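Form predicted alone, single chain, as C-alpha cells, below.
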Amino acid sequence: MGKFQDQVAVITGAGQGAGKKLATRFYEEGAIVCLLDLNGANLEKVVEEVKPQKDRFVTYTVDVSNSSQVTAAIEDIGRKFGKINILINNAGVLHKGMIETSSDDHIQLMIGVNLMGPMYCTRAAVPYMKENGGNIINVASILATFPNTGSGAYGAAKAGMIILTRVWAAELAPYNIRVNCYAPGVLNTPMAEDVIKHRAESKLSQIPLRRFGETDDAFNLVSFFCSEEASYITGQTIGLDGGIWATQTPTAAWKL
C-alpha cells in the first residue's frame, strides 16, 4: 500500500516538468491523480508513459487562468470521486518583459496563470476538501523575493502566492486543511532549460550545494508537506534552492 493510498490529488501544470513528476510519483504512492494542463498533447504523452490503471489517472485539458474551465474540471473531479485530498497549484509560466514595453496580454498572462489560476483552483477545490481535511501546496519562486530585471509581473504573482499561503492557512485551518508553499530556485525542468544550457557555471556559483534541483527534490518536499509527519506545519514557504540564500559567499568553501 502506498503512502497516499486512495487519496485524490489534483495537480495543475502536470503535462511536463515538476508537475509531471509530482503526478507520476503520487500515482506510484497509491493516489488517484487528476492532471490538469493547458497542453492536452503533453497529458496524452504522460498517460502513454505511465500506462496507469483505469480511472486512477485522469486528465483534463484546462487553462487555469479561465475560471469557468477550472470550476468545470474540479467539480467533475469532486462528483467522480466524492472528495479531494490534495491540491498542488503547480502550473506556471514565465516570460520576461520590461514594464515600459509590457503588453496587456503579457501582464494578463503572468498574473492570470501564476496568481489567478491558483485562486480559482483553490476556491473550486475547498468544498470537496472540507469534510475530510487535506493539503494545498502552492508553488512560488525564488523570483518572488529575489527578482530579476524583466520579471516584475511574474515575481509579483509569485510573491502573491506566499501571501495567499499564509491567508489560506488561517482561513482553512478549522477544516483541517493545511496550506504550504515551496519556492524553487533552478530546477531541471523546461522552464529552466536556457539557464542550465547556457549559463550553468555562473548560476552554480551562486548555489552552495553546487547542483541544480531535480523534480524528485520537489516531490520529496511536497510529499512531506502532505504527510502526517507535517501535521503541525501550515502557512509556511520553504525554499527549494540549494541554499542560494545562505550566505554572500555561497561557494567559497569549495575552494578551501
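Note that the coordinates shown come from a computational prediction; the quantities given were computed from them, not determined experimentally. The first residue of the shown sequence is 1; numbering continues from there.
In what follows, reference is made to the form predicted together with a small molecule, a form of this protein that is not presented.
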Practice task
Would you point out which of 154-162, 95-103, 76-84, 126-134 contains residues with a non-hydrogen atom within 4.5 Å of the small molecule in the predicted bound form?
Solution key: 154-162
Practice task
Mark residue 113 yes when one of its heavy atoms lies within 4.5 Å of a heavy atom of the small molecule in the predicted bound form, and no otherwise.
Solution key: yes
Exercise for the section: Please run the contact check for residue 216 against the small molecule in the predicted bound form: heavy atoms, 4.5 angstroms, yes or no? Expected result: no
Handout entry: Contact test in the predicted bound form: residue 30 vs the small molecule, heavy atoms, 4.5 Å
Key = no
Handout entry: Contact test in the predicted bound form: residue 234 vs the small molecule, heavy atoms, 4.5 Å
Key = no
